[in-house]
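Below sits a lone chain in structure tokens, taken as the form predicted on its own.
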Amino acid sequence: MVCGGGPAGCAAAVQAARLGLRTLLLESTANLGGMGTSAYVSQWSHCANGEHPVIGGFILELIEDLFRRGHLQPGVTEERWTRDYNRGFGFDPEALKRLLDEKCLDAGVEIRFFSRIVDAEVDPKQKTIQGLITHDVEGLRFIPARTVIDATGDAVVADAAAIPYEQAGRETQHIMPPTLCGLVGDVDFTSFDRRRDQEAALEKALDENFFSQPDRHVPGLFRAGETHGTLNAGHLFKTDAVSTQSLSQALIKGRKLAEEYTDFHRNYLSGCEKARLLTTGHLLGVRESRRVVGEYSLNIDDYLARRTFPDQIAIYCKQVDIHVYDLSEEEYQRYHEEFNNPKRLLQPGEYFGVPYRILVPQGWKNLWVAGRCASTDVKVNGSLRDQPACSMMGQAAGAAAFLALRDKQDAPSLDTEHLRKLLREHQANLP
């Protein structure tokens, strides 16, 4: 059973099903894709490090299929994900929804939308999950499962099973704010240049008190199609992503900020004179919530050392990206110094390893976590939360579930050499 149909969950389900497991994928919304579709974070970045790709496997398969079908950002070539240094590119979120449906059905995955996890049936002494209680339009049901992958982003299964986790705000009293992204149409991308023009325009708008929330950290508008782009702007400070009340308030405020930032582009930036907000996400673009305590916690020292691991299941190269926690001058200074620190910015050709052990909740035998809720510290979470990394973690979890059943092993003691061999056979990028 795979819980959550975002980047990690889809990769996990497809990998497990392709290896022959009877696989059920539960998703709480009406479509697959998670952040890339329901939240309109319709950009993939850091697929290559300036010398070679860092991605492989299922996420690479998706990118290449969307490219062949004409659903990537106009003008993007294969260099963008095979060689370019830390560059991103947009995609059509509606096309990704259809492609993920196709991949799952072709692999034999059973998909159930509008399904939420209510509770877990566990054996705490054996540290195994026997099944999950779910809720959907038909009511409550118990679904037994021999292996479970928590790809919910918020560690919903781990929480239901009372598995220890770290939660945003607990260690530092800070919660990195999410953003409600949206799609903005009628943009002339022959004139609009975010990198060239946004900083000066933002300073001018701030000087003129244009914004209801004077936020100087604005990711901006990123091209996705011929005349539309993904708007990532408007931090929703102090939002607790695992509180319904907090999420509700953030969504209401986020919709107002999305319109405000569309107005900002229309009034201050060339090429956006006719820009209009088409829609906002059905999910918040959450940056952090719960992180499970795993067999190992990947930490900032590992990242700074560009450390590799004998059990690594992926490599990645995104810099640490911890957004501002509030509107103070100190926070903006902290962000810019941290984000642009040469010691933290991986140089061309560099990467760090992602070990298998961060996918395994400590001691638990038949449960894996993949994606944003994997076992890391806050800093490394600011790198690994991106969709390509989440997908690669998910694919590894799906393969691990197969090997655990086939070889009668539990998750903590899995033979990771066999896992890495299997992942390579499925085009994972494991130098």
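Quick caveat: nothing in here was measured; it's all calculated off a predicted structure. One-based numbering along the sequence shown.
One more form of this protein, predicted together with a small molecule, exists but is not displayed; see below.
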**OP:** Could you tell me which of 66-74, 34-42, 360-368, 398-406 sits within 4.5 Å of the small molecule in the predicted bound form, going by non-hydrogen atoms?
**Re:** 34-42
Subject >> The single option of 26, 62, 55, 380 touching the small molecule in the predicted bound form, heavy atom within 4.5 Å >> reply: 26
Subject >> 184, 236, 156, 313 - the one with a heavy atom within 4.5 Å of the small molecule in the predicted bound form >> reply: 156
**OP:** Run the contact test on 232, 372 and 387 with a 4.5 Å heavy atom cut-off to the small molecule in the predicted bound form and return yes or no.
**Re:** yes
Original post:
Is there a heavy atom of residue 250 lying 4.5 Å or less from a heavy atom of the small molecule in the predicted bound form?
Top reply: no
Original post:
Going by a heavy atom distance of 4.5 Å, is residue 174 a contact of the small molecule in the predicted bound form?
Top reply: no
Original post:
Hey, in the predicted bound form, does residue 80 get a heavy atom within 4.5 angstroms of the small molecule?
Top reply: no
**OP:** Answer for residue 179 alone: is it within 4.5 Å of the small molecule in the predicted bound form, judged on heavy atom distances?
**Re:** yes
